[in-house]
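First, one chain by itself: the form predicted alone, in structure tokens.
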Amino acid sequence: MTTVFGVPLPAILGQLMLGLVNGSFYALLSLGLAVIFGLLGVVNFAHGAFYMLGAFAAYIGLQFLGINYWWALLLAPLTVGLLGVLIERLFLRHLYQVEPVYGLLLTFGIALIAEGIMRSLFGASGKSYPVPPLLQGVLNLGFMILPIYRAWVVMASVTVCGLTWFLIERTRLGARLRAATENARLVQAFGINVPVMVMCTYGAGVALAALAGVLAAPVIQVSPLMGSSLVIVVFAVVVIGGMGSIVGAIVSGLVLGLIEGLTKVVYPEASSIVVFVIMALVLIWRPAGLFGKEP
């Protein structure tokens, strides 16, 4: 049997595929963070909490309202996105002209409040969310048996990431968003309502996190703490790709998921820190990130 680094090739390919699944979550979450920071300049530490709320929205919808997975993919991001709009209007809009650290502290507090509320309502233990019948079963790839749902996660994440990149980089709306971040007064002079645009941008970034939560619900246990550990890794991914870089968030998320999966086979002890080691090396070599613009 063919081996690489003393490990059978099928085992490596299998871990790379699982790493791609994790990378899909990293890419989708990092994309939301990059959109919010790149267009608003806000370090949104509540992103993990919105990811968790998206998963709980799907769980609550199924358990108490009979809303199935497919409707949850639409309604959960919309609901959490509206919550993000409310938070932006009530709190964040007052902090755009001050140091970014204040926005970070505010969103960190929001994350703690959200986790505390969900823990008091549902407890700290995880809740299971079933895989929808249409996506049950497995695919035989030859080197591994891949659950159909995990393949769906990769496809859905890559599709959403691609559409978001196209919207921001290749459409008139995206051009207006980028222009508003550079010179809000000039854009407003052309009759564009910049505050509403900013509000919708934050809501969209939050909705992306909630969508990732819905996709993750059948894969992991839905719990109040599911986003607190993941958000640290996602921030590292965003730093590696370049703060505010849409392409950097997508590419870095997918690639780092693959690297993490490979590390679990070659050197399992380092799998939990490899992303942070890469982040440190990137910051030393290129502080703006791989795809970020140098000041």
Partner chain sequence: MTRNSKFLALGALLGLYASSPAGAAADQVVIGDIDDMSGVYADVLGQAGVDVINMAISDFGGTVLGKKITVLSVDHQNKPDIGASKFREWADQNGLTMVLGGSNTGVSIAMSKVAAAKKVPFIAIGAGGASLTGVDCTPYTVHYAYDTTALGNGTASAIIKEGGKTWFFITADYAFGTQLQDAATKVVLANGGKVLGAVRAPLGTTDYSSFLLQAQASGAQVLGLANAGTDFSNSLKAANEFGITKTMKPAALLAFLTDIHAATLQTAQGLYLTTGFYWDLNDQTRAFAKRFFAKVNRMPTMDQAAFYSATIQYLNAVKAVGSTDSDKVMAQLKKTKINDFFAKDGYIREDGLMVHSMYVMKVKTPAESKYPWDYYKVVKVMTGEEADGTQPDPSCPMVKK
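The model shown is predicted, which means the values in this text are computed figures rather than measured ones. In this text, rigid core is short for the largest set of C-alphas that superpose within 1.5 Å between two forms. Residue numbers count along the first chain shown, from 1.
Separately, the form predicted in complex with its partner chain exists; it is not shown, and the next lines address it.
- The closest heavy atom approach of residue 119 to its partner chain in the predicted bound form falls within 4.5 Å.
- Using a 4.5 angstroms threshold between heavy atoms, residue 38 stays clear of its partner chain in the predicted bound form.
- In the predicted bound form, its partner chain lies within 4.5 Å of some heavy atom of residue 218.
- Proximity of residue 125 to its partner chain in the predicted bound form: non-hydrogen atoms within 4.5 Å are present.
- The stretch that touches its partner chain in the predicted bound form, counting heavy atoms within 4.5 Å, is 143-151, out of 166-174, 72-80, 143-151, 194-202.
- Here is the short version: of 60, 265, 259, 247, the single residue with a heavy atom within 4.5 Å of its partner chain in the predicted bound form is 265.
- Residues 14, 15, 18, 22 are the ones in 14-33 with at least one heavy atom within 4.5 Å of its partner chain in the predicted bound form, listed in sequence order.
- After superposition on the rigid core, displacement of the C-alpha of residue 70 between the shown form and the other one stays below 2 Å.
- With a cut-off of 2 Å and the rigid core superposed, residue 270 has a Cα displacement that reaches or exceeds the cut-off between the shown form and the other one.
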